[in-house]
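Below, in structure tokens: the form predicted on its own, a single chain.
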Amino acid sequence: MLNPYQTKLVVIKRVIKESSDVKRFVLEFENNVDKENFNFIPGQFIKVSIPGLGDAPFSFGTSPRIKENFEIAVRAVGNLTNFLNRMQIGQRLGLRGPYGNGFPMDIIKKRNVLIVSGGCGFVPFKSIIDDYLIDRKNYHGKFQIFYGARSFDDLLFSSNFEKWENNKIDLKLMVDKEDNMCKDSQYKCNVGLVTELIKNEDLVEKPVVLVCGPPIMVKFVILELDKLSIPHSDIFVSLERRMECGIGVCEHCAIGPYYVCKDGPVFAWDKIEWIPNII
């Protein structure tokens, strides 16, 4: 009988410090057969496990076209993530997945795209951006990114910003408070809430909007998009914070008629907006 909780082994190949409490891990399957058979869609997630500590969900931070390895970003906020952030190159982790439904790549490749994100909610979007950079000829719209965090140090993947801008990605940054890192950066850091970028910047024409971040941010992003008459069917929200077992057994992620781990974590807003307290 197939065990749905059976894990595969991955090896830590590289560790990159992204901020004071976030590290990026480059992982590679120990078994070449597992590597060859592993496919995912940006926005899907995996469960990473450590014996004695349990497991936790993580989004992909690289394009699915990169087959030799993949990345996750880990913020140290609990027992498992603190332990994981102390692990070194060559150590092994358990992995199962991928799970859920990702972003609608068939739509994204045909449309102008607006990404609105805050904090670690930006991780799944790097998967889309990396895919765009690898295969630009199959993307037919413009890319615009509104990304906010507490400070410049908390902005993830800042080492990639120059490459993104050189590839005609319109990147706008927002921080809660300006600091010396922000002042010294070549990138302009707007100060305030990421929703102010929606109010004050010219949006790409008729965008498909991808949103992920703290629930309070998502709530007010939707309100601002409503003022611009963006159709709810063109807004896709990732509810990654609600992911649990991954296979719809524990029912902890149930929302209305859906399980986030199976039917999401990415939903078109018009499919879930009626559910009470959804964000």
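The shown structure was predicted, so the numbers you read here are calculated from the model rather than taken from an experiment. Just count from 1 along the sequence shown to find any residue number.
FYI, the form predicted in complex with a small molecule isn't displayed, but the following is about it.
**Student:** Is G246 part of the interface with the small molecule in the predicted complex - any heavy atom within 4.5 Å?
**Tutor:** Outside the cut-off, so no.
**Student:** Would you check, heavy atoms only and a 4.5 Å threshold, whether F58 touches the small molecule in the predicted complex?
**Tutor:** F58 belongs to the contact set for the small molecule.
**Student:** C189: heavy atom within 4.5 Å of the small molecule in the predicted complex?
**Tutor:** Contact with the small molecule, no.
**Student:** Are any of the heavy atoms in V77 no more than 4.5 Å from a heavy atom of the small molecule in the predicted complex?
**Tutor:** Yes - in the predicted complex, heavy atoms of V77 and the small molecule come within 4.5 Å of each other.
**Student:** Look at the candidate spot formed by V116, G148 and I279 and say whether the small molecule comes within 4.5 Å of a heavy atom in all three of them in the predicted complex.
**Tutor:** Not one of the three qualifies.
**Student:** Which is the contacting stretch out of 198 to 206, 139 to 147, 162 to 170, 119 to 127, given heavy atoms within 4.5 Å of the small molecule in the predicted complex?
**Tutor:** Looking at the other structure, the answer is 119 to 127.
**Student:** Which pick from N112, T81, S158, N101 sits with a heavy atom within 4.5 Å of the small molecule in the predicted complex?
**Tutor:** Spelling it out, the residue with a heavy atom inside the cut-off is T81.
**Student:** Using heavy atoms only and a 4.5 Å cut-off, determine which of I108, V175, A73, L95 is in contact with the small molecule in the predicted complex.
**Tutor:** Only one listed residue qualifies here, and that residue is A73.
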